[in-house]
Ligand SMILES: C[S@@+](CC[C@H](N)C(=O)[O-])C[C@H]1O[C@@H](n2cnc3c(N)ncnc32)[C@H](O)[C@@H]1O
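Quick setup: one chain, the form predicted alone, written in structure tokens, and binding and motion questions come after.
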Amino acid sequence: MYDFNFENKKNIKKNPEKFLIFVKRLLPRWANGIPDSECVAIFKTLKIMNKKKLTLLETGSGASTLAMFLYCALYGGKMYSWDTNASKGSFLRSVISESIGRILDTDVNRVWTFIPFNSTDPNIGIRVLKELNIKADFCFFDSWHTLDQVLLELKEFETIASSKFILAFDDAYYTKRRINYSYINMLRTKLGLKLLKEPSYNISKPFYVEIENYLKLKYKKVKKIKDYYKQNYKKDIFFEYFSSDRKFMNKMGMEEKKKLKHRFDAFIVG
């Protein structure tokens, strides 16, 4: 159960980031995949749009979903998530309903649409929002961490994007072009199998570099956002709290301590 007695609505509105982290820390590890500072960065980045009733998207779901829902609950708007794990969506819906939804009197089912499918599918992926006459203002990319997948999702988002929009990326320092060997090797380790060596042709420039280059070739106005995460990640207790797990992730290449500055990057376009 997640219906704890929280602060009252008035105090939550005064300091929503504090409330957001309180709810985030209730999540189990499997649904709590991004640092606290990144979760707050997402919430604060949305404020840059200075617009109520935004339409927000994400590929993947988890703590980011809480940040986006809280924004909608406070300022209006709708959100859509694509994640192939249907059980995760159902779990998050119950957490949101009992915590944020209850105290802010917001029905999660009226705000959040969860699509348990591939975000790039032509029939039920991101592009179907065009059939619904919906324009999107923001997308957080956190699915299969390869450059090919990120660019596919980005191009899908562009088909339904507003004239001005924000893009945010998890693990933006990754350099995996087609295959996420780090994730594959993590699973192979669990099976007691030999690790695979990553071929050189699979290495790209860091995602945040590739994405910025892509955007600047297409749009006149592209600005990198000075985000909350970079100012606070070094003192984020999330990394210490899950230190045992993260040591293994570093060993597998799923997380690289020296590159954490660019774990999160965001751009405003238009």
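A residue's number is simply how far along the shown sequence it sits, counting from 1. Predicted model only: the values in this text are computed from it and were never measured.
What follows is about the form predicted together with the named molecule, which we do not show.
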Hey, with the named molecule in the predicted bound form, do 34, 61 and 142 all fall inside the 4.5 Å heavy atom range?
yes
With a 4.5 Å heavy atom cut-off, would you call residue 117 a contact of the named molecule in the predicted bound form?
yes
Residue-level question: is residue 185 within 4.5 Å of the named molecule in the predicted bound form, judged on heavy atoms?
no
Would you classify residue 149 as touching the named molecule in the predicted bound form, given a 4.5 Å non-hydrogen atom cut-off?
yes
Considering only heavy atoms, tell me if residue 84 and the named molecule come within 4.5 Å of each other in the predicted bound form.
yes
Can you tell me which of 197-205, 228-236, 25-33, 49-57 lies within 4.5 Å of the named molecule in the predicted bound form, counting heavy atoms only?
25-33
